[in-house]
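The chain below stands alone and is given as structure tokens, in the form predicted on its own.
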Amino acid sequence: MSYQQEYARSIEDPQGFWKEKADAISWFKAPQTILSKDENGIDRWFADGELNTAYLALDYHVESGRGEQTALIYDSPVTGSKRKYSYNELLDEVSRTAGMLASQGVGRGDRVVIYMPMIPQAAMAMLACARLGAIHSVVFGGFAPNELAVRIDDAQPKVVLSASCGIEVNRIIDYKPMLDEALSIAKHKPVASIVFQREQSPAALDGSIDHDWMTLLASAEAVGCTPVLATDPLYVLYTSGTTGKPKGVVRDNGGHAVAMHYSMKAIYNMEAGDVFWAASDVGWVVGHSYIVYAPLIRGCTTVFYEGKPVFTPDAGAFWRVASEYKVRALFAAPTAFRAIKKEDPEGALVQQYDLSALDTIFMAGERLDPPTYEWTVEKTGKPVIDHWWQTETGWAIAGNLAGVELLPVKPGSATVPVPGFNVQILNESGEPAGANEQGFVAIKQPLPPSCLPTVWGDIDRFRSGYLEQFPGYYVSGDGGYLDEDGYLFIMGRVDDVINVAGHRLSTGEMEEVVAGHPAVAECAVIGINDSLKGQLPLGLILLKNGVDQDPAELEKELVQMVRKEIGPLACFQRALVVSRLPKTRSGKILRRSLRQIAAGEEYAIPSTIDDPASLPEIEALMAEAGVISVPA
């Protein structure tokens, strides 16, 4: 079937299309109701179906006679460790980990926060929660204590699972002190904190709720799979919101499993037994979807990599892993390949490895700039596929479907909408835009399976954040256009969330931290273009009257504050002191105009501006500081 036929059927007969895809996975009770509305009036898929996601990922393959196949490869250049787990072995580990959680009272519907590095136990923890029908919420290992505390208070977990430390290129990050601080800050108190001890830096377990992972596991009994409804939550994953309060994206079990299974073939062209590597982290949606769940549901071998694209030990790390394990598809963010290109511009290290098994390289998480696309194609000789998706959807909204029909590539475009996603470009009035006309990227309802049905505990925030701006549509928050061939071009966020190395971060949250400095009267944080990370935050600081502080010293203090409160992932490194911030007469800071200046774009002074001279003044200051991009 051609792409056009597949896509047209998904839009014209969504229930027939998704029933066929649902029939391809193993249900405990097959759904009879394919699409319906829930009590909040939200579209839900397979509402009367019953299944278990861990069963699909593990037990099903063992029962099908493929238990000796490798399920998970752990490769950790930062520790020198490597290990392979068969489906039999992984099933045993997950069943006992589920028993460990059950011994602490965890059952169907309970939440478990997972604060762990890229070690196999993180995947085991996620699958163990799924096995019990519990809801996991993974927080990226090393996130600052207050950020972890906010998530603990929102998810209200019965248990927190952690490791004693994470390991970076040249340093060890002790997790337990950060977890302890988060638990002291959080209003909600879990009943247990279970810590996996790593030999590089074991943690002292002296809290009243602390338990040693391996001690509990040794006495745990293996448990079976708890049947859950398709509409029961599998996990909650927090993503930045413009208010500064993170949004808990809810993922259901049934729609997610169907979409994961379908996407592994349709998008990535993977068959059972193939080796798939998503070079990401379980803290992000890519790690949930394409390190843990989708490859295992499809019966593939997944690679769990604890390292970096460079410096572990060099810029050949990706090629070494792909060669050693005969990876068929590699998926990473463009920022990873920009880092490799920076360290090995001629691609000399690529030539040292046998990449004959590698069919395709996929990139997502941020816009794939044409120079990175062209360098990767030239140096590897492999097809490079850009695709665009969000935490909220859990899988690609647009891409070039390797398992259906590969279309000609247009650098800068994520290619075409994926089956199930009725992508439209709308203008300010909610009317469809013409070809090549920029507007709001929206998806006409119903959204396909796997997309979020709500924000955890806050249906009103879900409606206001995604559904109310254009009734009948989900608004992605990104701007872009469709060209005359139906190719989608994403141009960037239309709100104040920036994308740093594939990680969405709230500038509003950074502003809150910066504004807490005693010298700061007011501030704005915007995203500026960066050749390596895509975007970086830039702070514009208005000092309090009478304050006389050295700007360089202030910048250092603000960098440390943001690092402590949000974490090093924010990459907050620059702060410029300004004499005034451009505002509307109503007091709103003109962030869009500031972003245009920083991007080197032409800008018009808005008619609503209170002080027309403020924008040219800041433009001169940015130029002097060297933060204005040269337009492409």
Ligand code: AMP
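All residue numbers are counted from 1 along the displayed sequence. Note that the structure is a prediction, hence the values are computed from the model and not measured.
One more form of this protein, predicted in complex with this ligand, exists but is not displayed; see below.
- In the predicted bound form, this ligand lies farther than 4.5 Å from every heavy atom of S95.
- Under a 4.5 angstroms non-hydrogen atom cutoff, this ligand in the predicted bound form lacks E509 among its neighbouring residues.
- Contact annotation: V285 falls within 4.5 Å of this ligand in the predicted bound form, judged by heavy atom distances.
- Using a 4.5 Å cutoff between non-hydrogen atoms, A364 counts as a contact of this ligand in the predicted bound form.
- Considering this ligand in the predicted bound form, the lone stretch of 432 to 440, 96 to 104, 145 to 153, 391 to 399 in range is 391 to 399 [heavy atom distance within 4.5 Å].
- Only one of the listed residues (V384, V520, I490, V404) places a non-hydrogen atom within 4.5 angstroms of this ligand in the predicted bound form, and that residue is I490.
- R504 is the sole member of K341, K379, H261, R504 with a non-hydrogen atom lying within 4.5 angstroms of this ligand in the predicted bound form.
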